[in-house]
Every structure is written in structure tokens, then in C-alpha cells.
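In the block that follows, a single chain appears as C-alpha cells, in the form predicted alone.
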Amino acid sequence: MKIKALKLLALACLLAAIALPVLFLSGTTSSESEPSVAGLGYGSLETFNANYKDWETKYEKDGGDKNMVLAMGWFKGLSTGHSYAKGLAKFNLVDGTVTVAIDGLPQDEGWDVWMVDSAPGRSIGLENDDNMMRLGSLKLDAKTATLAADLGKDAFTKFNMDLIIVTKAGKTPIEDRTLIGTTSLFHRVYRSKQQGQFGVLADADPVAPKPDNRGFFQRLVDTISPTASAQIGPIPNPTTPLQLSITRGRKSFFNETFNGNGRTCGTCHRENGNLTIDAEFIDDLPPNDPIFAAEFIPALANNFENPVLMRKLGLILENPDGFGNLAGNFVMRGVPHTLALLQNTLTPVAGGGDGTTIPPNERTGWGGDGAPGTGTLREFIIGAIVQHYPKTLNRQAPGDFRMPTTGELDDLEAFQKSLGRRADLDLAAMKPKFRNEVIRLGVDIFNNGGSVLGGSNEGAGKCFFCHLNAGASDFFFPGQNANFNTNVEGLPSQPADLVFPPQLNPQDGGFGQTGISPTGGIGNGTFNTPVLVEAADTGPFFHNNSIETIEGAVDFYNSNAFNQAPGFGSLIGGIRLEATEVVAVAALLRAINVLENERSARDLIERIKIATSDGQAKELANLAVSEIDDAIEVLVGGGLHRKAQKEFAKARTSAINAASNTGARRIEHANKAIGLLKEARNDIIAP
């Protein structure tokens, strides 16, 4: 036992003898054994506000509350039956009119349309005390079913719509939910702003005090030494509604099991692992970690996970095409990080210019089609609960899990939209500032269109076509995220196929639930374009973790699989990079990743200076150290910036010292760490 712990024990015993009546009345701080609550990690109100502002600008450009458009489709986990029908609902919230147009509904029965305002604190899964309004029946045409309803100018003054639902005729949403559309957190934030109470949401869950179940001794120790469980939010002591929402969202993301098998969002999206997970991280987890649920819960032993591929390659079993055939209808995918979910990362190409459709109306998941369904981040959360949280493969709520409330969904959205960068980079502006010649060459290759733009094909990386400024925005569709078939599935000798024969590891067809992709698998063969800024320390790469290193990922675009097979490679004229050019592009990706590590670590250490307890300071320091360690590892892996490596190492020590001290000494060590981080940054790029 450490000396500090012994001192605490002695002090606790002393106080127990002299202050017993007072201690029973002490506060309700959670015990150290509980997972830390929200507010200490990567969530940032500034990032959230930047994302919201981008959304608001586009929303108002498209008509604002006079033209709110929601995609409707099969909703994984909430629809009562599977359907390929899809369509759009358009609302004029000012005038109180609604129009609905749905394609693909069976013509041999009738269909009704309902709106639902979920009761605060109630499950999104529909309950009797939800406020439900029937809009009328769809008028069936040869292809499209339509409805137009005029509800009056006051219709939406008190009715805060959460869902719009198509049911079979004569059924209520409690009884039938064939197609569903849902509003987003940003819709509700906008409405609150219009009502003069920015961030005050009508759907917020009622806050009830939770019982203090700690034992006497633990309460005593917590009183003496406050733990990291105190809610300080992205800014200490959150007071605004949105700060509190981000704080609650982080707590839910890492702690809330939704009465399921023990998993949380953080089971696979580890905060100290760049909000993702890989085989190396999994190796260090204890055998009772919820990620291994299939190994110790008998009801999940078959068709829930492939423990071998999960342990060897960090692959997670998904059923994006439904749960009808668990033994044969599945894919194995890596875990994408959830950093920098900017609006241009989530916005799909309008008009199907990339061969996809709307819905989905947000780009989520490796296939770019969400859970799948209407594809929103909000729906993705529900789909993840249904996919990964159940106690049995029946996947029924209640019983196998519970559905989240509208308020919980708001909080989870708020947290995820508060993570990481606030904007994409400007590589052209950064190029002359990079101090390394190889990295500057990497920018040239990354931004070189070659023959497509009328120049030479040599040294043309053409990366910016899909990853404008190393983000997920497309050159041809600015501000939008496009799906492409890069033919990764066509690569020979896939690691997963070397472990399991292909017949036991089905091809992944990517986007969509119909058709067969060129390489097999349900879908059209296209996949979501990921951001690259955070790529170097979030490998392995591609949807199936098929390539381990960032250099290997860049070199993939030299391959026959990309350049010769039917797919995007042939469309852009092919890519042919020499080995030194591959290294240059990878060096650029390593450098921009490290700059983001430095920014994030510096932000975390700034918070150490205003931490209100030792536990908070230590948790912040642990996360900062994770970022610093990643930066060092990324630089070492590319043989880059040895001086920066040394400055990062010294900053690491200072961050730990800051958390180990208090008062002026804490601030002194934190400022030293921040100065060292800036020195490391300056070795990579000029101010």
C-alpha cells in the first residue's frame, strides 16, 4: 500500500472517531471504484458550438423552420417490421404544414402518418403517455405515397416533435412503426434559440436525486480526498444547459449500459485509445471486460461476436443488413473513432451524386448508411444499443436492454459533437510552414490532381479528391461526405481471411441493404470516406482493419485492387507513387496527426490548472499523457522530428508533475508542460 493511501487510512480512522455525525451527512460524490463521470475528457463546448453554427448556417440557408426536412426509413431497433421503403417529411413549423412523400410502400394496404412528442424521461421506444398526433392517411400512387396536412400556425408552439412515424392503417405508433424519422439535437437547440432560451430543451429528462449507496468508510475517504468523479464538464463547474448536456453525455457514453449485457459506448470507443480500440488494446483487457461478453454470457456465445477475429484483429461483428440470418448475414468491421464529427463529415452528397440515396441523411458507420436506416447519428446510437448491448439475441426491449430517453439521446449527441477539432485544416496554407522537406513534398503529392487536372500523372496522389484538406469532405462535392468503392474488399490475402476461410467471413458489401457489390456482399460496394487528420494513431486502416501501418494504407492506392478493378481508381485515372512518395504522404499524415495530439494535450493540461480536486487533475493528466504518448509513437514510427520527440517526453513528465502537485506548484508544472508542447509543435511547423 502506498504511503499516501496509508495516511488517508489513518486520517479516516481519526475522523471516524471524532466526527461521526457529520460524516453521515456529507455529500454525494461517487466512489473511486465507479467509472469517472463526464466533463473531464475531450468534450468541448467550443467544438460543439462550432459544429452547431455550421449546421445552423446551412439550415437557415435551406429555409430554417419553414423547411425542416427529415428522412424516413426503416429504423433499426425501433421499427416493428423491416421495410425497404424510404422517403422525406417536410415541415413548415411556422405555418404548421407537413408534407410526406414515401417510395416503396406496398400498394395493397393503407398507411397512416403520426407525429410523436416523447414525454420527458420516457423511452424513445414509445409509451402510452407520449403525446401522439395523427396527421392523416397517405395517398397511394403508382410509386409514391403522399400526404399534405395543414395543422395551423400554433401547431408546433407546444408540440415538440421527436418522431414522425408511418404506421399501417388503423394502428397507433404503440402498435406499429414501419417507417420512422427523427429530429436531431441541433433541431431542438435551434428551436430553443428561437424561443429565447438557447440550449434549454423541452425534452430534457427530469433530474431526480440518486441514492448514495456508498458504505460509511468510502464516504469518509471521499470526503477527505475528492475523486475524479466530480462533474467539472468541458469547463469546470458547468452551468449552462449545453455544458451540462455534454457532461451528462460523456457520463452516459462511458458508463451507461442501458440495462444490457454490461457494454457501453466506451467499451469499443476508449477515451484513452483515441475513441477507438484495436487488438493491442484488447490484449491488455481483463477477461471479464464487457467487450468479451460472447465469451462469458452463454446466450451470446454464437453469432454475437467472433472472439478470435476480435482478439487477433480488433474486428467487431455487425449485422448492418438486419438480424434475419445471424449465422450468414454479418460483416466484420473495425471500430472507427468518433473524433471531429464535423458537419461536412456527416453530410451526405445531395442528389445521390455518389451513387447513394437519402436516407440516410447523415454519413455514419463504415458503410455510410448508419445503423442502417435513416442514418443519423441519433439513430446510430439506438442501433448500437440494439446491436451490441443485448443480453440475448432476441434483442427485445425491455428485457435484453432498455431504449434511451429523448434526453439521453440529446446528451449523447451533444458529447459526440463536442469531440476533437473544430474545423478542417488548410494544407496549402500550412505547407510553407512545415519545417521538414519530406512533409512539404507530402502536401504537394496529396494536393496534386495529376492528369485529371491536366498535369503530369507522376507524383499525383489525388488524395484531396476524397479527403479535401485531409478531412472527409469531397473535392467535387465540397462540404459533403461521399461514398466510394476503393475496392479494399478486392485485396488478396486479407488478414481476416488468413485466420478464417472466406466462407466463414462473408464479404462486406458496404452501403445499402439490397444488391450485390462487385466483390460480393450485400450493398453497392461503396464505403464512407473517413477523416485523415487523426488517422496515423487510429489504425489499423480501412473498414476491415486490413492494413496495419499508415505507409501501407497510402501504398494501397498504388495497388491493382484500387487502380484496375471496377471502382473509383479507374475513374480518377489511377495513382502511381514511388516508394519515397508514399513515405512523403505518410509523413504528412503523421505530422498533422501529431499537431492534433499536441492541441488536444495542451487543452487537457490547461484544464489541469483549474481542476477542483486531485482526482480531476490526475484524470486529465492521464488523457494528456495518452495524447503525448501517441505523438511520440507516431513521430518515432516515421523517423520524424527527433527534437519534438524529446520535447514531448519532457512535457509528459511535467504533466504528471502538475497532477501530483497542488496550488501554485500545479500551475507551474502545467505551464511548463504547455511550453514544452509548444516547443515540440514549433519543431514541426512554424507559428
Ligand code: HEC
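The structure displayed is predicted, hence computed values, not measured ones. When you see a residue number, it is the position in the sequence shown, counting from 1.
Keep in mind the form predicted in complex with heme C is missing from the figure; the text below concerns it.
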property	result
In the model of the complex, the residue from 164, 316, 491, 468 that sits within 4.5 Å of heme C by heavy atoms	316
Partner-contacting position among 406, 416, 245, 597 - heavy atom within 4.5 Å of heme C in the model of the complex	416
Candidate stretches 97-105, 83-91, 512-520, 381-389 - the one whose heavy atoms come within 4.5 Å of heme C in the model of the complex	381-389
Site test, 336, 541 and 553 vs heme C in the model of the complex, non-hydrogen atom cutoff 4.5 Å	yes
is_contact(residue 608, heme C) in the model of the complex, heavy atom dist at most 4.5 Å	no
Any non-hydrogen atom of residue 527 within 4.5 angstroms of heme C in the model of the complex	yes
Residue 309, heavy atom within 4.5 angstroms of heme C in the model of the complex	no
Residue 73, heavy atom within 4.5 angstroms of heme C in the model of the complex	no
